[in-house]
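Only one chain is shown below, in structure tokens, and it's the form predicted alone.
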Amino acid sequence: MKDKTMPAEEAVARLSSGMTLGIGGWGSRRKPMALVRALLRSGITDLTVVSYGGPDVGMLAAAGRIRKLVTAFVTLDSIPLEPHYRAARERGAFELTEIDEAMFLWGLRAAANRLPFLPVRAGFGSDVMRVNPGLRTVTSPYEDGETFVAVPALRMDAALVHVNRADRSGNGQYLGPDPYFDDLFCAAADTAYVSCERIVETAELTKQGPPQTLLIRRHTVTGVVEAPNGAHFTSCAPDYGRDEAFQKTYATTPWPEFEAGFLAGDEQTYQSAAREAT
């Protein structure tokens, strides 16, 4: 089997400005932050970002890298609204497509299955149709004749996700309580880069947890990046929880100051600065 391991910088070097980029995880939970930080150190911009948003979106928005965002929310979980995202939205920094969480999920499923759309009942009776006038409806061809929202496929050029363990071929394993749809992000994208806490031998994966934890299959993965503490400051259960103290620092520090203090160097510099800050 092919060895797909690479450093974060190589994974980011394979991306380009103008791409549609999916980012896995959920809010401030198991986000591929080491890859996001590597992306911030690059010159890549003009991105369409697809994410159940957290600090990944906040940082990219604050840095002016987003042209369009497709999301159901952007939150830090224990801090309900991501402050750097809010600041970017208030100044009209990018275009926003905001859809229901279930609609987002079915958009991922449609893309993963190479379908143009999937019909859902979610969206009716809310403002989602009003704020997204491009959404269309579809009528069942069967006797029921029911009308559904036709959620378009969320196809992506590339996806970034973070898991607890992976092998060199791209099989990825989550050990926490929730997969956060990371497998769908990988399947819905043309290329996918998986960072992990630790690379292990394939046989070791079956000892870590039951087969259903082997969420990500190697055929959907382009590159594997070993990134210990790579989800920081978001959680990566059971390896570590969210760094609430550092998250508060992030949320209350003006972006230019945070960027200069924590993102000016490489990943090792960031990890050292984050430890010193808390």
Partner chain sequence: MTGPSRAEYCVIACAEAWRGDGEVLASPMGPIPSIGARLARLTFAPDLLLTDGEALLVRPDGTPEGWLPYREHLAWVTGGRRHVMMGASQIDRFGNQNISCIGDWELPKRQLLGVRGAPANTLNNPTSYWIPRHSRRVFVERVDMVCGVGYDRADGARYHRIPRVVSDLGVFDFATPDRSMRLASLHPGVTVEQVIDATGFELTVPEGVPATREPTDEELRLIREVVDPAGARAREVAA
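Residue numbers count along the first chain shown, from 1. Computed from a predicted model, the values in this text were never measured in an experiment.
Below: the form predicted in complex with the partner chain, not depicted.
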| query | finding |
| --- | --- |
| Heavy atom of each of Pro80, Glu90 and Asp178 within 4.5 Å of the partner chain in the predicted complex | yes |
| Sole residue of Cys196, Leu154, Ile99, Ala158 within 4.5 Å of the partner chain in the predicted complex, by heavy atom | Ile99 |
| Candidate stretches 110 to 118, 201 to 209, 164 to 172, 139 to 147, one within 4.5 Å of the partner chain in the predicted complex by heavy atom | 139 to 147 |
| Proximity of Ala187 to the partner chain in the predicted complex, heavy atoms at 4.5 Å | no |
| The partner chain contact at Arg65 in the predicted complex, heavy atom, 4.5 Å | no |
| Touches the partner chain in the predicted complex: Gly134 (any heavy atom, 4.5 Å) | no |
| 4.5 Å heavy atom contact, Ala251 and the partner chain in the predicted complex | no |
| Contacts with the partner chain in the predicted complex, stretch 116 to 143 (heavy atom within 4.5 Å) | Arg121, Ala122, Gly123, Phe124, Gly125, Ser126, Asp127, Val128, Arg130, Val131 |
